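The chain below stands alone and is given in structure tokens; this is the form predicted on its own.
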Amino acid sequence: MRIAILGYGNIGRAAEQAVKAAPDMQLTGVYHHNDCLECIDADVVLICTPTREVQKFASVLAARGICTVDSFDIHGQIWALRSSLDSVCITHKAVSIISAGWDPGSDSMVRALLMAMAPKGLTYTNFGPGRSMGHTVAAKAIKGVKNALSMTIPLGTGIHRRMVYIELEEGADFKTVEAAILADDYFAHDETHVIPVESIDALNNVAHGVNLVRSGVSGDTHNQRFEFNMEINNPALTGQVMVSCARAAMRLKERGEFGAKTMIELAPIDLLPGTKESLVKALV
């Protein structure tokens, strides 16, 4: 399948590596924000732009019948994005897999599986400690910010602290910048600390991770506890998940299952290279 990448930051570069490593994919091109979307020739486009630009790019591409995959990460706006893209995709016989990172994304599939195993109970998703790419991009977009790094610190039971380190533009007022960051939807719902520093490069890293815990009830049996942990390179995993979802998008399109989908709506087998028979024999 022919894959193109739109956007070439940390995720775009990681996605390029994952495409080149895939046995069933060919990279047809890497495009930047200001490139002509009409020039893109691919079966699937991986949209590796900032989250707030995803909708406009996905809509234009879906209207051309091109499948898309993105890593949109504003949890409270995912259903609205799905709804807006669904009708475009159905009309033009395309598939758009949205929020295809590791959270939202693959972690969402883990949460769904654990809920199926223990329908009653509580799930806590604890991120980090590590760099949040979406929050970092949001901080960088604030007027007066030259560079930024947003670190997510888990406090337990799904509660997080955001440590936002910023390198100011010359002449920028720290208090004004701080107020704008704290008001942004990315940060407004968590304890957030904004810290001015001389150099972001001296602090920067792309490590991250998650601890996902569910305690619940299977049937009438209590005290069922499940735990999922990972420590990862954030862009590398996001890019890999997007590439796996590109495969799923093509399989859905081939079956005529058009529309916008989140990862919990996908069959896991569609994410993997190989025939259905070989995968069932190997994995079941």
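In case it trips you up, residue 1 is the first one in the sequence shown, and so on. Fair warning: this is a prediction, and the values are worked out from it, not measured in the lab.
What follows is about the form predicted in complex with a further copy of the same chain, which we do not show.
Visitor: Taking a heavy atom within 4.5 Å as contact, would all three of P104, V110 and I269 count as contacting a further copy of the same chain in the predicted complex?
Guide: Contact check passed for all of P104, V110 and I269.
Visitor: Specify the contacting stretch among 71-79, 179-187, 144-152, 196-204, defined as having any heavy atom within 4.5 Å of a further copy of the same chain in the predicted complex.
Guide: This holds for exactly one stretch, 71-79.
Visitor: Which of these residues, M115, I159, A172, I90, gets a heavy atom within 4.5 Å of a further copy of the same chain in the predicted complex?
Guide: The option sitting close enough to the partner is M115.
Visitor: I'd like to know if T262 sits close to a further copy of the same chain in the predicted complex, meaning any non-hydrogen atom pair within 4.5 angstroms.
Guide: Yes, T262 lies within 4.5 Å of a further copy of the same chain in the predicted complex.
Visitor: Please determine whether C67 contacts a further copy of the same chain in the predicted complex, using a 4.5 Å cut-off between heavy atoms.
Guide: Because no heavy atom of C67 falls inside 4.5 Å of a further copy of the same chain in the predicted complex, the answer is no.
Visitor: Determine whether any heavy atom of T28 comes within 4.5 Å of a heavy atom of a further copy of the same chain in the predicted complex, and answer yes or no.
Guide: Close contact is absent here: in the predicted complex, T28 is far from a further copy of the same chain, nothing within 4.5 Å, heavy atoms only.
Visitor: For S244, is any heavy atom within 4.5 Å of a further copy of the same chain in the predicted complex, or not?
Guide: Residue-level check for S244: yes, a contact with a further copy of the same chain.
Visitor: Which residues within 230-258 place at least one heavy atom within 4.5 Å of a further copy of the same chain in the predicted complex?
Guide: Going through 230-258 in order - heavy atoms within 4.5 Å of a further copy of the same chain in the predicted complex - the hits are M230, E231, I232, N233, A236, L237, Q240, V241, S244, E257.
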